[in-house]
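For reference, the chain that follows is the form predicted on its own, supplied as structure tokens.
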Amino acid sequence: MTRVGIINVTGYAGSELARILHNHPDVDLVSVTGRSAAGKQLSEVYPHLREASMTITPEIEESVDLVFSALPHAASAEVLKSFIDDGVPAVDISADFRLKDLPTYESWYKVDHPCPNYIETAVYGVPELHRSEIKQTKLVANPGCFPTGTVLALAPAVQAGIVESHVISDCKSGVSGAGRSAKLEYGFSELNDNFSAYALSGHRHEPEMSQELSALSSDGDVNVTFVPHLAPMTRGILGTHYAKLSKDVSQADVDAIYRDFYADEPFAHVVPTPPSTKQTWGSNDCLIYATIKEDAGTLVAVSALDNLGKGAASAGVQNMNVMLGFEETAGLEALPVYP
């Protein structure tokens, strides 16, 4: 069995990792950390993890064959550095190794990168795009939740060269994407029966989207206009993505492009009707629906995923599976929870 540790198990992504890894056939979860909860049992912090309970420690205290970090940006790279130096495979759930351009990272995240020498060797963790590189690396940068849906929704069209280089991504997210912090705007009275846009001047996930879509484009960089919205739900992301068509294509052409792109993918599914977030709860699925508005000459692609699943924890497990040569679906076979 592969010995695995989780750094910062007490956040939502960390707890979801623990839940998934508990039933993973190839993994033994041997160590979990948490700063404020050190010394407590995991089941004290998250009663639903009673079957997976273990003592939360300040640091990883066991020898591990792979480590996940669910710390915030900057703190994550700082803690992971010693593991990376020692050659321990790592999956970073934070943003620290996602962006290949250091000035871009430091500009958007307003910090000096604590471990910049590993940026180039890290692989952006979308197996649907980078599976072969993930197999060869020891450091995976798990993508952001919003970029996962945006990139998967638009990648087939961008690679096929059927859309122009400016795209619009309009996403609605559940409040769990903001973490466990106690802020006024995340309280029930503020969130319930409410709906709002935020980060209209720019969001940190925007350069990820541009980086990954531009790498697929044969027509230069892809510029992304991204606007996130906070929806009155716990988890899930629904994205509606728009791009002007650059050539004359039919709906049948678009259907074929998307079906072929994702034909062999276990978790990216092209669906016949627009998906909803509840169709993905608790799963590693990303559901994608693409159509064209002929009168406007526009591609509209809709994506749905669980922001704590394919948008964070289960995507990390998928990356681990690819890195270590396990079955890619191992530990991720559970069907979504509904309703």
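Numbers follow the displayed sequence, beginning with 1. Computed from a predicted structure; not experimentally measured.
The form predicted in complex with a further copy of the same chain exists for this protein as well; it is not shown, and the discussion that follows is about that form.
Novice: Since the partner isn't included here, can you check whether a further copy of the same chain sits close to all of 110, 324 and 327 in the model of the complex (heavy atom within 4.5 Å for each)?
Specialist: No, the candidate spot makes no contact with a further copy of the same chain.
Novice: Among the candidate residues 54, 302, 66, 37, which is the single one with a non-hydrogen atom no more than 4.5 Å from a further copy of the same chain in the model of the complex?
Specialist: Of the candidates 54, 302, 66, 37, 302 is the one lying within 4.5 Å of a further copy of the same chain in the model of the complex.
Novice: Taking a further copy of the same chain in the model of the complex as the reference, which of 242, 118, 83, 262 has a non-hydrogen atom within 4.5 Å?
Specialist: The residue in contact is 242.
Novice: Looking at heavy atoms inside 4.5 Å, which stretch does a further copy of the same chain contact in the model of the complex, given the options 161-169, 72-80, 125-133, 89-97?
Specialist: Heavy-atom contact with the partner occurs in 161-169.
Novice: Do residue 184 and a further copy of the same chain come within 4.5 Å of each other in the model of the complex, heavy atoms counted?
Specialist: Because a heavy atom of residue 184 falls inside 4.5 Å of a further copy of the same chain in the model of the complex, the answer is yes.
Novice: Does any heavy atom of residue 33 come within 4.5 Å of a heavy atom of a further copy of the same chain in the model of the complex?
Specialist: Although a further copy of the same chain is absent here, residue 33 would stay clear of it in the model of the complex, with no heavy atoms inside 4.5 Å.
Novice: Just to confirm, residue 235 within 4.5 Å of a further copy of the same chain in the model of the complex by heavy atoms?
Specialist: Flag for residue 235 set to yes.
Novice: With the partner left out here, check for me: in the model of the complex, does some heavy atom of residue 219 sit within 4.5 Å of a further copy of the same chain?
Specialist: Because no heavy atom of residue 219 falls inside 4.5 Å of a further copy of the same chain in the model of the complex, the answer is no.
Novice: Any residue of 283-299 with a heavy atom within 4.5 Å of a further copy of the same chain in the model of the complex counts; write them all down in order.
Specialist: Read in sequence order, the residues that approach a further copy of the same chain (within 4.5 Å, in the model of the complex) are 285, 287, 289, 291, 293, 295, 296, 298.
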